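There is one chain below, alone, in structure tokens, taken in the form predicted alone.
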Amino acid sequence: MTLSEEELAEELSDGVMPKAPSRARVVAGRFFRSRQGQVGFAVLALMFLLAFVGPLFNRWTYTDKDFTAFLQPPSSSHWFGTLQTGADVYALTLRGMQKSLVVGLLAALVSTALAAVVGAFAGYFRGWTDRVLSWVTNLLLVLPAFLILAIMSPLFGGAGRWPLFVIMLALFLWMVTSKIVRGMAISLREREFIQAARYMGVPPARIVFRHVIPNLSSLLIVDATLNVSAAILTETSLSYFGFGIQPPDVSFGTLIADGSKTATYAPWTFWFVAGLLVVTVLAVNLVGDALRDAFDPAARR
């Protein structure tokens, strides 16, 4: 956000130097001036409103069954139609969207926080700390994440156990970012303000959390945003094969798996949820790309 020439002249004439805008205001201004940032933010906001406010306008819940309307097309009574069981597709779709959005956001936050801590500690402390953390990172990179999550899928079943699925999903999303953070932390530890804090006797852990990680905030914010779409797609893939969110709850993956069986002769059971999945992931990616350009305008050029 910059001052106009008239405002700048007025403040200079009053003998007051104009206050420099904060970095957050500058980044926000760049983000909302970009077309993809505007579109991505608007669409993503609409998806959240639809997921969490949309059910209030429907008289059916995702657990209700209409035994007078089996596999019926969209109508005034069932906006997205019904399944073979009489369940309302609209209610199920919005419930699945809620679960996928929550899982995606939480998994992205946990994985980004883990990448920041591991990468920053490895890059700042070096030595044995770096070797051990790098060994753990490389080990997780070569492990078959899909197979491990599939084997552990019975633990995700039952009411209230989906947070365990979020944690397990996050454990396989942080390694690449951690390596990038490590390289940037190695460079930061030689900067003057880090060395000054070290000479003043500031504890190393405090230097990492108060100086190293905050200086990597732009990378971490963009990474967290892009990890949301990665987590949503991973959760959808796992749930599609029955290894993610477990019944009686639903998500994008479980709904797509069920709808694919009837998509040829009852397309409303598949295409509504598939379309909303594509729109949601596209909106998240647009927001992530716009944030990256807002933090580093030179990267786009």
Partner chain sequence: MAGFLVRRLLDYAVLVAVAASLAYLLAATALDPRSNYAGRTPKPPPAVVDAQLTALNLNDNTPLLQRYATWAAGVLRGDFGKSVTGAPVNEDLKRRMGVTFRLVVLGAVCGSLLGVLAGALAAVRQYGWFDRLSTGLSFAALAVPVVVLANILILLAVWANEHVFGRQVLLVSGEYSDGLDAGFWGQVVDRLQHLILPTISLSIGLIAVFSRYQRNMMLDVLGADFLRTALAKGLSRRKALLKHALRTALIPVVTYFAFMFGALLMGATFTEKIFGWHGLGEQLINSIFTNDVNTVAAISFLAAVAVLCASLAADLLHAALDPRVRA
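Values in this document were obtained by computation on a predicted structure and should not be read as measured data. Positions refer to the first chain, counted from 1.
Form predicted together with its partner chain: not shown, discussed below.
Annotated contact segment (heavy atom within 4.5 Å of its partner chain in the predicted bound form): 257 to 265, selected among 66 to 74, 39 to 47, 257 to 265, 53 to 61.
Taking the partner from elsewhere, every residue among 144, 233 and 285 has a non-hydrogen atom within 4.5 angstroms of its partner chain in the predicted bound form.
Although the partner is absent here, residue 179 lies within 4.5 Å of its partner chain in the predicted bound form, judged by heavy atoms.
Although the partner is absent here, residue 272 lies well away from its partner chain in the predicted bound form, with no heavy atom inside 4.5 Å. Of the heavy atoms in residue 154, some are within 4.5 Å of its partner chain in the predicted bound form.
Interface membership of residue 243, defined by any non-hydrogen atom within 4.5 Å of its partner chain in the predicted bound form, is confirmed.
For the options 186, 132, 148, 205, the residue carrying a heavy atom within 4.5 angstroms of its partner chain in the predicted bound form is 148.
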